[in-house]
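As a starting point, one isolated chain is supplied in structure tokens, in the form predicted on its own.
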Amino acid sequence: MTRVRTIVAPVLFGVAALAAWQLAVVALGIRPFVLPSPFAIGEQFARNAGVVTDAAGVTAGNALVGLVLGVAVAVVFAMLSATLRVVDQVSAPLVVAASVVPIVALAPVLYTMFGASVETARQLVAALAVFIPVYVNSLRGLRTVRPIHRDLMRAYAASGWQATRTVTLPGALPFFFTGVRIASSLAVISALIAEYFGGPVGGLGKSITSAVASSNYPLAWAFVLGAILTGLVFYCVTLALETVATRHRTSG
């Protein structure tokens, strides 16, 4: 019953919000360039489903590469920081600096470095956005070991690797997946934003810009809908992976 309520409640809220949006556009006579109606957006989305899907595929591909790269680098750095105090002290200011790098300024620089005809700049922007939440949460998880578990490992005369494998890494999993869930949506958003500043013709960001330039605002919102659905897919896949990976902890 609780699970049904969890699913039905947001669906009903979403339907009510769309109905209120449609009613407001019709009743107030809002022009399409200000805010198209949900019906007009849905019509454009259905009519251009293939185009939206192709653009979403480009953005999703860049976001996926950035997500994998950012997660891998973040986990390695988190493990080094948790193990070596000197790495933690050196990397702390670098992580703070990386967290405040503006994507709008970084994307054009990366296009100049790697060329505007390849997707490398977009993937690196997504990787940078992914790095921070995964690093911070993974490091916190690696440092969160209950004293009773640590004492138990000492009582069993467990080696450092045995303690890490049986206590530290399983305890860090929930923190790691929290960071990945946050990063999954950030990867899509970052890759999309990077498309605004150059690169190959393709992706949702470029498509939104082109639709707005031709004053086809419902189509632009249809691409925005495609971006939302892409972000939801990334989030749901990450959530499913987390459920599978931590299932034994939940059932226990």
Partner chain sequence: MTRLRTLLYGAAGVVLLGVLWETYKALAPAEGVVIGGLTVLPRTSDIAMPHLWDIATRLTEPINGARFALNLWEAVLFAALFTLGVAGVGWLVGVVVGLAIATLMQRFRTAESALLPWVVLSQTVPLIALAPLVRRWGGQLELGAIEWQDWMSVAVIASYLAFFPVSIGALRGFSSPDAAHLDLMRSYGVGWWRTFLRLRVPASVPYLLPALRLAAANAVVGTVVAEVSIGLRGGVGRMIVEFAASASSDPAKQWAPILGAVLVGLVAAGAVALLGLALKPYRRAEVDA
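Residue numbers count along the first chain shown, from 1. Just so it is clear, the model here is predicted, and its values are computed rather than measured.
What comes next is about the form predicted in complex with its partner chain, which does not appear here.
S.K.: Taking 4.5 angstroms as the cut-off for heavy atoms, does residue 192 touch its partner chain in the model of the complex?
M.R.: Residue 192: yes, in contact with its partner chain in the model of the complex.
S.K.: Decide whether residue 53 counts as a contact residue for its partner chain in the model of the complex under a heavy atom distance cut-off of 4.5 Å.
M.R.: It does not: once its partner chain is placed as it appears in the model of the complex, residue 53 has no heavy atom within 4.5 Å of it.
S.K.: With the partner left out here, check for me: in the model of the complex, does some heavy atom of residue 89 sit within 4.5 Å of its partner chain?
M.R.: Because a heavy atom of residue 89 falls inside 4.5 Å of its partner chain in the model of the complex, the answer is yes.
S.K.: Does any heavy atom of residue 221 come within 4.5 Å of a heavy atom of its partner chain in the model of the complex?
M.R.: Taking the distances in the model of the complex, the answer for residue 221 is yes, it comes within 4.5 Å of its partner chain.
S.K.: Could you pull out the residues of 5-27 that have any heavy atom within 4.5 Å of its partner chain in the model of the complex?
M.R.: Residues within 4.5 Å: 5, 6, 9, 10, 13, 14.
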